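In the form predicted alone, a lone chain appears below as structure tokens.
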């Protein structure tokens, strides 16, 4: 039978949660006889103790469905989820916490403090523990003044703060965070970045993070997995993934009247020429394998009498890697007909 496997071990493995050949298909009602939608297709993940795992992919790639299966909210079509230490700790507290993007993670008719008390009790906390923990979280998220306000009266950003607080009220060992900084102001988003690193690297939490903010993923992730069309297409450290794309791009502007000579100079280079925002100029991008090749580039241009303007280097980042594997920008959506949102 498919589902969550709970295994109590005296010497548990380093990883806190893992998936094995996890898959999910959704039946489509219309049109009649249509093939099922494959949301997740054989995904193997291992989230280790003390690490932040960036789980990245376009909209509709299967990220949220994977997280819901890890939480037991969606039944897998195949494969399994393994939590070696079990869902509950020895003191009865739940070991998992989650924020799900696009879902109501809090109760709108409860106040801020009532939400935290409810979720604390629900996840196994003792009543005597909740008050102090609530004060700590409300202070961190700057929600003290909203303690007695109902959640439905909060702004979107404040509701997201409350959702994060509710997910962490019981100090879980495993955190599954789906777009946790969505709607937050810059200062709070940065504070959460610091908090995530502290939770993982200082307190040993295992954190899975999905985000469309490539700068956030690059800043906090110890490892990154990229999923596309339901499949895990790449997995490595951030540096390891970017190391696959060591080529650097150099850009410069040149007069449109020099385009022919630029083409001759760059005949031995991979390059593109596009229109510049400045009238009478063209923007040239040249791909180089090594920074030393820039000297060969400048010599080739000089030989044709071309003097480049605004020559600058662009080193690949995580977004470049993401686009290379998915063919889409971080905010892009797959152009597949899915018969509904199955991410």
Ligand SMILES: Nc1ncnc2c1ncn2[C@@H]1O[C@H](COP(=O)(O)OP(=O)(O)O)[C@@H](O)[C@H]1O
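If you're wondering where the values come from, they're calculated on a predicted model, not measured in any experiment. Numbering follows the first chain given and starts at 1.
Absent from the display: the form predicted in complex with the ligand. The rest refers to it.
Residue 59 is the only one of 298, 276, 59, 304 with a heavy atom lying within 4.5 Å of the ligand in the model of the complex. Residue in contact with the ligand in the model of the complex (any heavy atom within 4.5 Å), chosen from 318, 284, 39, 43: 39. Checking 309 to 317, 45 to 53, 284 to 292, 60 to 68 against the ligand in the model of the complex, the stretch whose residues place heavy atoms within 4.5 Å of it is 60 to 68.
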